[in-house]
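The chain below stands alone and is given as structure tokens, in the form predicted alone.
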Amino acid sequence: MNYFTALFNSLPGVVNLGIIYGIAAIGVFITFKILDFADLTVDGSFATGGAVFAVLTVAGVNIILALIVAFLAGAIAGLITALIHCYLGIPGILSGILTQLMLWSINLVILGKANQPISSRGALIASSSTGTSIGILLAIAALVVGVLYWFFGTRYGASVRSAGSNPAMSKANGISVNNRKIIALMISNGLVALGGALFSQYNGAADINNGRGFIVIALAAIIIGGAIVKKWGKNFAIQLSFVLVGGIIYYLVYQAIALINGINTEWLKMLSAVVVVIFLAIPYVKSHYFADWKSKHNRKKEAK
């Protein structure tokens, strides 16, 4: 009973973290689903957003302005990856890794140290006010989803989606594929950095290691949300919204594991990786193993 009580009491924090990581995961959704680009820059740009936000708020800059600047810093990180890939001919996944390595040093220079505490005075969100934080985070998430839904519904936004789904046809129709990749990567990493800034504010500190392993969490949120949204339709706004739902479910499962009595905290990283493996493997297992079993079962029924 104590276990379920503890899990219930942790739900506000789980929802907060799920939404924060969900907002950042929407950025990964743009490159992973729309652009078909494996971008590993995000592990670095997540920390960049937190570092820029921390330095600005400690210096007394307005929180909203600090969030905007954090978004722009992430967009610049995405721009670097895009330029390396598009104009130097380096594969996308390697371009992201190279930018991520650069960002490690850049983030350390921005912070000036490995960790920077942030005052909670006047903060938009904080772990000490989970109810209020949930409302504010939902408003930010709704704004992000609304703006992206509008943008990708425009002619230019549609050309970005076209460049991702069919680059050859897009090029034949006069669309600059490289230009669309640059824009998509900038928006993607800007959102990831925004998530990093929100996480730092909620956590009360920016840390150089905050973004480590973020890509795994983001992919889990996208896969979980995508599995659920299949039953609700293919509306773009709904797909984006369910990335947030996927983030919340991931953190709920993670918290459920973390609260198991007697579990060694040293195993949490490994167990969280196992959770992600399970979520990522579900579509494959369902389509390959269960589909074969279902077809065999149906053939046996027809034979009878």
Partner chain sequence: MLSFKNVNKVFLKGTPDEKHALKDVSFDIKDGEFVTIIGGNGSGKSTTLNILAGTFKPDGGSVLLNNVDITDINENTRARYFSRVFQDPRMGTAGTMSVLENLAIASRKGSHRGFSWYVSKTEKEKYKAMLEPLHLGLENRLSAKTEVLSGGQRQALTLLMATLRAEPTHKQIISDYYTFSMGDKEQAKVEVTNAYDEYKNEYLEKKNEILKSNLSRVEKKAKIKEAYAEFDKKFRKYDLTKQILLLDEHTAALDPKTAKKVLDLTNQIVNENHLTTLMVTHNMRDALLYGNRLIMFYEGKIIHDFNAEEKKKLTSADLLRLFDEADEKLHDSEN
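Note that the coordinates shown come from a computational prediction; the quantities given were computed from them, not determined experimentally. Residue numbers count along the first chain shown, from 1.
Below: the form predicted together with the partner chain, not depicted.
Visitor: Is Ser105 close to the partner chain in the model of the complex, meaning a heavy atom pair under 4.5 Å apart or at it?
Guide: No, Ser105 is distant from the partner.
Visitor: Find out whether any non-hydrogen atom of Ile175 is located within 4.5 angstroms of the partner chain in the model of the complex, and reply yes or no.
Guide: Looking in the model of the complex, residue contacts with the partner chain include Ile175, since a heavy atom lies within 4.5 Å.
Visitor: Although the partner isn't part of this model, could you tell me whether Lys171 comes within 4.5 Å of the partner chain in the model of the complex, counting any heavy atom of the residue?
Guide: It does: once the partner chain is placed as it appears in the model of the complex, Lys171 has a heavy atom within 4.5 Å of it.
Visitor: I'd like to check something about Ser159: if you look in the model of the complex, is any of its heavy atoms closer than or equal to 4.5 Å to a heavy atom of the partner chain?
Guide: Heavy-atom contact with the partner chain at 4.5 Å: present for Ser159.
Visitor: Please pick out the stretch from 70 to 78, 149 to 157, 192 to 200, 134 to 142 that is in contact with the partner chain in the model of the complex, where contact means heavy atoms within 4.5 Å.
Guide: Among the listed stretches, the partner-contacting one is 149 to 157.
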